[in-house]
Each structure stands twice: as structure tokens, then as C-alpha cells.
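Shown next as C-alpha cells: one chain only, the form predicted alone.
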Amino acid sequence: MSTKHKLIKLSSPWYGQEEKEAALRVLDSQVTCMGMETKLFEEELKQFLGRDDTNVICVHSGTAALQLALQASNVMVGDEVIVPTLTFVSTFQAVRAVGAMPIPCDVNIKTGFIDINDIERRITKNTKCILPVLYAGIDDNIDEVYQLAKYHNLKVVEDAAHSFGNKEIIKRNGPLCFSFDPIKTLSCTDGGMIVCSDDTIAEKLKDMRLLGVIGDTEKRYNNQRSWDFDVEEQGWRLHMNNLCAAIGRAQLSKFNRIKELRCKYANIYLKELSNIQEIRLFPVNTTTSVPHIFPIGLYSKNSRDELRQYLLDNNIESGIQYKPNHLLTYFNRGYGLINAEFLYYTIISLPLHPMLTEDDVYYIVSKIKEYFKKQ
């Protein structure tokens, strides 16, 4: 392995003094469960999003956000949910967590976004919901998804785990589900958020994240607990605690810098790789979104694997996002989804995170160019 350059990681959180001070503040308070920090984080997120008519509910993870949003949308046992197969397994597991069946759907080969025509082929009398995934922050044709859902009287729950910072999607009413895990554009170490404009659903979500205890959220906000309470439906222990919320608040305070760096590095990739004919670029829009991952496509599995090895030999990590869920034993439905499978065998994700330097990104670009020149 080359020793000329430090190891460049595929992804990394950016934790600094702000996050350390936030964590110590909560530890010193000895109130680490859900409380005032969670309330303040939700209020600051709502202000950041810029919509007074929407609700922000912070939870344990992006997977928890999806599970609760589906349950609050009355998706239940016996229902089917159409999901693009090219997504992390957490999306499919969230559907199973509410007892419904995830139906794998193909994607657009140019964008990785759910394929509208294939959605129509998957709709049955049991279909209750469409769950589009905004792969790499791309939401092309999302209006068509909503139109199709309206025509068939279906729910829509969006997996927006890759899309925090994209204020355009907040114009939609949701539920929109975000992830704040360590490698996302904003990190709480672990966490997630549901954004929705329906106040009734929002109140259900607040109770369900706290084991279904009615009204417990307001108690927790004031560092109190409910002792004499009622429960009317299935709930879960999926709330966000003060420690994660405090770290999230610190991240949010420097998000403009996070956004600036991610967009800057993505733009370098877009410019420097655009003339390499062996590479297919995804339509990443750094004007409206904050890129979480930067996937590129090649034209064969062999060239993809050889490039990944060449990069690793030069101390550069890369990823494959993602293995289609219909290829997993638990979710196998016995049919091929050719676009998603082609992407799986030919995509590679390049490093993209605030811990990179501009020199790192140009080094990565130089090694990619060097590889193709040698071919």
C-alpha cells in the first residue's frame, strides 16, 4: 500500500470543541434523558427549516423516524409499501417493523431515484404507501410520485436521510424522515427527525416515540416524568435524548460551514471528472442540496472493482451504496430489478465529508485520472 498519502476515509463526522462542550454541559447537568435540550434542538431545527406551519419530532435514528412515520400514517400488518430496492437495508427493516411488507421497486438508472413506471407495476389491492428514497439527495420526479399516490389513494412517506440541508423538500408536507447518524450531513452521533405538517400525526408521533404514553413529551421537555398516565396504542422507546440533542445543536450552529465544504468538494468532483468518458456522473445539485454521498458510475463490475482497489492501494477508501434489498435473503422476492442491479455492480462512492481538505479531493481526482490513463 502506498505511504505517500495519509489514509483518506470514505466518511467521517466533524466533531470539535463545540460538540465536546455541549456533551459536557449535559453530563454536568446529570439529565441525559430526553428533556429541555431535545426541545431546544427541535425548535432550532424548525427555525432552520423556515416553516412555521410544520412540526419537528426528533427520534433515536433515521430508521426510527421511518418506522414511526409509517405507523402514524396507519401502515400496518397486511399492508404493502413500495420501496426502491437501491437503499440501505434500514428502509426495508422500518417497513417490516410495523408489520407491513416492503415491495422492492426498480430505480431510474441515471439518478438512482425510484422508477415511476415500475411503481405502477407494483401496485396491488394491498398497497398502502409509497416510500421514495432521495438517493444522494436526488428527488427527480417526486411530483409524479405524489400524483400517482393521490390517484391510487396511497400514502407517501419520504426517506430523506441523504437530504438534510435541502430546503426545497421542506416545502412538501411529509412525513419526511431524516437521519443524524455519525456520517450524515448533520450528526447527533445517533438520531433522526420527522418533519410533517399534519398536527394530528405529529401528536401521535410524540406519544409513540415515548412508549405511547399520552402527553409525556411535554413532561419530558420540563425534565419531569408521567406517573399517572394512559396508553392507547403501540409505542416504542425511540425518543432522542438530551446528549444527542446537545451535540446536534452544536452541529447545527456550524452547519453553514459543513454545507460550504461538502458542496465545494462535490463541485470539484463534478468539474474534474466530467470529461472522463469511462465515468457516469449522477445529477447532484449543489445549489439546492447538501451532498451526503458522491457516487459515480462505471460501465462494468470489473472496472469498478479494479478502480476501488487502485484507490485503496493509494490510501483512498471508497464505498458501494447500496446492495439492492431484493438480493438479500430476507427480502428476496424472486425477480430481478435490472437498473438497480446494474448500478450496484458499477457504482462507487468517493470520499465526501468536512474532515477532507481540498488537497485530499484533488489527490483523489488525480488518482482516478491516473488509473484511467493507465488503462
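Numbering starts at 1 and follows the sequence shown. Just so we're clear, the structure is a prediction, and the values are computed from it rather than from any experiment.
Same protein, other form: the form predicted in complex with a small molecule, not shown, and the subject of what follows.
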item	value
Partner-proximal stretch of 173-181, 226-234, 295-303, 255-263 relative to the small molecule in the model of the complex, 4.5 angstroms, heavy atom	173-181
Contact residue in the model of the complex, chosen from 159, 139, 216, 106 - any heavy atom within 4.5 Å of the small molecule	159
The unique member of 285, 197, 90, 111 whose heavy atoms fall within 4.5 Å of the small molecule in the model of the complex	90
Residue 325, heavy atom within 4.5 angstroms of the small molecule in the model of the complex	no
Interface membership of residue 248, the small molecule in the model of the complex, 4.5 Å heavy atom rule	no
Partner contact for residue 63 in the model of the complex: the small molecule, 4.5 angstroms, heavy atom	yes
Residue 83, heavy atom within 4.5 angstroms of the small molecule in the model of the complex	no
